[in-house]
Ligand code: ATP
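Shown here is one chain on its own, the form predicted alone, set out as structure tokens.
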């Protein structure tokens, strides 16, 4: 790698880049192609930024800030019109081409073998032949998503939904209109554009949309300036907040404290802004309380009866080599997982995976045996 030229593209000095290696910046030689990966946000460079061996850079996708009070946030943040897209519940990937090969990057900047195979299967080759510098920013969703399995979307396996476009070596994204035009041109699925509203009427319209999405078990919305003059904001449904908490309390010792607190806080602000009646607030409290207590009790009972705390997921692959590489990918990410024997079918192989949730297992066992909190 020509570190001097790369540092110029990144907007930092070569000395600074040298100093970051081994701490905020890690080298990766597997899977190919080799790369530098920014593990943390530093020097104005987003975490997940990747520098490939050929010198091309894919910047990390910017973290989207969250609105807790919808109307004040919209009034303060947007200048005129607000475009509203559905926020989908899966895992964030950036798909691009490196030396003619399609690769899918996780939010953290790892090349995920499974996501890469899915991208190569779902995305037309001419996309990168005609646009070699494009980066497709999207969400992979569905029941065969091994990170966030959800059966609320119209797929029996896994699908890719485009939500933004960027270009190699550049931080900026191309915005709502160009993204949806690109999706139409190449017959790509894109996150649903649910409307464009004047900022004065947007809060009421978006509240209605979020309530409707929540009843369908969907996550929420992303609000964007159609002209890309301001960064996007996100806003989630109560059902999504409680669904996240239900998962987190099932594996309570494997999640950071902020994950629990932030979702509970969202519920409080939303309840106030929506001016809920006493009956509505009690229903929200019941939903919130059940999402906390019931999965936690289930975990404790399962462990006390001798069961291991696990999460069962599945993937469908064309190549068994992909499954082997994905197993290694989970291992290097710190996840212990047991892969069952492949089950051949018409689309390749179905592989069931048992993810061992070790911290929650160990902590629950210790507490059951009398350890103090």
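Because the structure is a prediction, the values reported are computed rather than measured. Positions refer to the first chain, counted from 1.
Not pictured, yet referred to below: the form predicted together with the ligand.
A heavy atom within 4.5 Å of the ligand in the predicted bound form is found for one listed residue only; from 118, 88, 206, 95, this is 88. 66 is the sole member of 34, 66, 336, 40 with a non-hydrogen atom lying within 4.5 angstroms of the ligand in the predicted bound form.
Exactly one of the stretches 221-229, 269-277, 119-127, 247-255 approaches the ligand in the predicted bound form with heavy atoms within 4.5 Å, and it is 221-229. Shown alone here, residue 62 lies within 4.5 Å of the ligand in the predicted bound form, counting heavy atoms only. Taking the partner from elsewhere, residue 167 is found to have every heavy atom lying beyond 4.5 Å of the ligand in the predicted bound form. With a 4.5 Å cutoff on heavy atoms, residue 234 counts as touching the ligand in the predicted bound form. A residue is said to contact a partner when one of its heavy atoms sits within 4.5 Å of a partner heavy atom; residue 114 fails this definition for the ligand in the predicted bound form, lying far away. Counting a residue when any of its non-hydrogen atoms is within 4.5 Å of the ligand in the predicted bound form, the one hit in 183-205 is 191.
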